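One chain comes next, on its own, written as structure tokens: the form predicted alone.
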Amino acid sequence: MTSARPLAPPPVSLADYRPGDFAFAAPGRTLLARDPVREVVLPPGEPESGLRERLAEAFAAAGAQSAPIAVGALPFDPGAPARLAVPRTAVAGPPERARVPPGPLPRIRERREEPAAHEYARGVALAVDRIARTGLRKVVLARTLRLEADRPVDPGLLLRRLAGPDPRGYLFAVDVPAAGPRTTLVGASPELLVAKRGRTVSCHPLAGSAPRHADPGVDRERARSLAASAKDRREHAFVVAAVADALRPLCAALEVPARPALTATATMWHLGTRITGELADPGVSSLALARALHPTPAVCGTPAEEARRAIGELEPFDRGHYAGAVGWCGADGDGEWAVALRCAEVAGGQVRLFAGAGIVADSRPAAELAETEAKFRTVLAALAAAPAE
């Protein structure tokens, strides 16, 4: 007599996404949640014990009419409140790659950079000077690219088009607060902020980047140069040290590889380090871990306070949820959060793309500008607004 095996969950397709849903696809698993029945507002600076109580109250209040999960996005600014939702339904399972439906995409009729290329390069130079004169060691400076289409852009179609080139990345679509029409943050991030399963915690911080190239030989040389770059390895080390320092007090054991490895997306090479640990307290939630880690030097800089101050002075826009985190947390505390990168805000026919670069002492303005242009290509290619290379 043989024992029955539990049935594997059916595949979950991004083709089932509809406006207002929450979608989060990690390697090997896709989550779709819909119909929020309870909002969870997270005040800035709330201790971990407060987060536990707030989530427990939300799950209890939603009761049997909801799935035992909270989903949403954390803003870049840790001093701003975050809003999550407890959905009525949530399904998760292995990914079913949806066929991208045929038909023309909206035509992009207007583009506007903020800041313009020359202004961004000047900002990089100012940041390098600031690093030389002060205790600032790294700061991440971002740009936006505003597009206006001739008709509304479907966030679900954009999500599915992003799924093709980078099946190992983290795909997401989540509505974010906005003063005007519904705004959906859609992206394909290469970077895991944190995942928790029981006592096990894992992170995959990325820092240090180089654009991919269509020619295989040139592409391999770019990868080799990145792996050997003292500037990029130093930038990466800042991030790894900060993540390890944040996790160490929470872990009974922590494994931090001595050297980074190369990580590839369709448009970029990155230096990445996979960090794993065993939590001392298994009751610490993935949400608490995400808030303890965010923002890492990969999206902000170091020291964090000085970097945030520089960002506020040198960036002419509010990041909102760009470079924040998108993910989910279950009633048992397990969950997964990705850094909100390679993304765009979609509101009708208006699309705002984001890209940033880490500035250190030996950064060159032209190279950092080129890095942001390369990072824009992820979403631009999905919109068919620019070639992938």
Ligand SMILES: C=C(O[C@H]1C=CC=C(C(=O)O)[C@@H]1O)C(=O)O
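Small disclaimer: the values here were computed from a predicted structure and weren't measured. Quick note: we count residues from 1 along the sequence shown, nothing fancier.
Although it is not shown, the form predicted in complex with the named molecule is what the next lines describe.
Peer 1: Can any non-hydrogen atom of residue 160 be found within 4.5 angstroms of the named molecule in the model of the complex?
Peer 2: No - in the model of the complex, heavy atoms of residue 160 and the named molecule never come within 4.5 Å of each other.
Peer 1: Could you tell me if residue 377 has a non-hydrogen atom within 4.5 Å of the named molecule in the model of the complex?
Peer 2: No, no contact at 4.5 Å.
Peer 1: Using heavy atoms and a 4.5 Å limit, would one call residue 208 a contact residue for the named molecule in the model of the complex?
Peer 2: Close contact exists here: in the model of the complex, residue 208 approaches the named molecule to within 4.5 Å, heavy atoms only.
Peer 1: Considering only heavy atoms, tell me if residue 322 and the named molecule come within 4.5 Å of each other in the model of the complex.
Peer 2: Contact check for residue 322: yes, within 4.5 Å of the named molecule in the model of the complex.
Peer 1: Which residue among 290, 203, 140, 86 has a heavy atom within 4.5 angstroms of the named molecule in the model of the complex?
Peer 2: For this set of options, the contacting one is 140.
Peer 1: Which one of 71, 298, 173, 74 is close to the named molecule in the model of the complex, taking close to mean a heavy atom within 4.5 Å?
Peer 2: Spelling it out, the residue with a heavy atom inside the cut-off is 298.
Peer 1: Picking from 22 to 30, 339 to 347, 63 to 71, 50 to 58, which part of the chain touches the named molecule in the model of the complex when contact means heavy atoms within 4.5 Å?
Peer 2: The contacting stretch here is 339 to 347.
Peer 1: If you look in the model of the complex, which residues in 213 to 241 sit within 4.5 Å of the named molecule (heavy atoms)?
Peer 2: Residue within 4.5 Å: 235, and no other.
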